[in-house]
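Take a look at this single chain in structure tokens; it is the form predicted alone.
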């Protein structure tokens, strides 16, 4: 396993009225974060909030190219990103113990925090298609270039780790500074991860290691 210190390249926030950041996603131009009673879109260049949607948002967030998906207690909401309207809901596999959320390969991927699991689910029905076991509490989840990464947070320790999607084996680990939390996690498809800062109420950009 490759292990190194995470390189934090930028911090966004804190933001007025935001006490904690839960889920994080990226729509190709803005970083969206969940903060309990709303979803907010941040311009990653200016660091300012461009718009907010009033919607229950207390855990993971994902984007499928058109819709936002947002965990709210024991369900996952499908949201029209333009209007903010909730188009439908499906049950969350953890029944309220869910954390991270990602979209990849036509499926939603849901982290189950204390159960240390990641579920692949059908976005229309919520049916669990498969389950991957992790070694640590799972916070955010993201896929990039065929790689599955998830955030962890136990005690004072947080890291971002790449795991084998078949076995759950840890292949690479980026350690964050002590006391730095990772709540949500999303890749920008390139060389950055966006990480929710939990109770710090901020979002961090962390460099994704180069392949080569």
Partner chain sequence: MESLINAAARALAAGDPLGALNRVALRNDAPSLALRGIAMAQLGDLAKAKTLLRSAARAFGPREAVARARCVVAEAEIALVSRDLGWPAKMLAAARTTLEKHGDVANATHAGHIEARRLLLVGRLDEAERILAELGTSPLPPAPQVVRELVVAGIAIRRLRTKDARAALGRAARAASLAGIPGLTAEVENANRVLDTPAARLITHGDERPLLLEQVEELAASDALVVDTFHHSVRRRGTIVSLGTRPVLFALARALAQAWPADVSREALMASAFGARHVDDSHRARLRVEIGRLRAKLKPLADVAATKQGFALTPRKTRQVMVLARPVEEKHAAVLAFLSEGEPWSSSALALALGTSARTVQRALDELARSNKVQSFGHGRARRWMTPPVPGFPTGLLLPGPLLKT
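Positions refer to the first chain, counted from 1. Predicted model only: the values in this text are computed from it and were never measured.
This protein has a second form, the form predicted together with its partner chain, left out of what is shown; the following refers to that one.
From the list 101 to 109, 81 to 89, 130 to 138, 117 to 125, the contact stretch for its partner chain in the predicted bound form under a 4.5 Å heavy atom rule is 130 to 138. When its partner chain is considered in the predicted bound form, only one residue from 144, 41, 56, 170 comes within 4.5 Å through any heavy atom, namely 56. For the chain shown alone, residue 199 is a contact residue for its partner chain in the predicted bound form, at least one non-hydrogen atom being within 4.5 angstroms. The closest non-hydrogen atom of residue 164 lies beyond 4.5 Å of its partner chain in the predicted bound form.
Although the partner is absent here, residue 191 sits far enough away that none of its heavy atoms falls within 4.5 Å of its partner chain in the predicted bound form.
In the predicted bound form, residue 177 stays away from its partner chain, with no heavy atom inside 4.5 Å. In the predicted bound form, 36, 37 are the residues of 31 to 45 with at least one heavy atom within 4.5 Å of its partner chain, listed from first to last.
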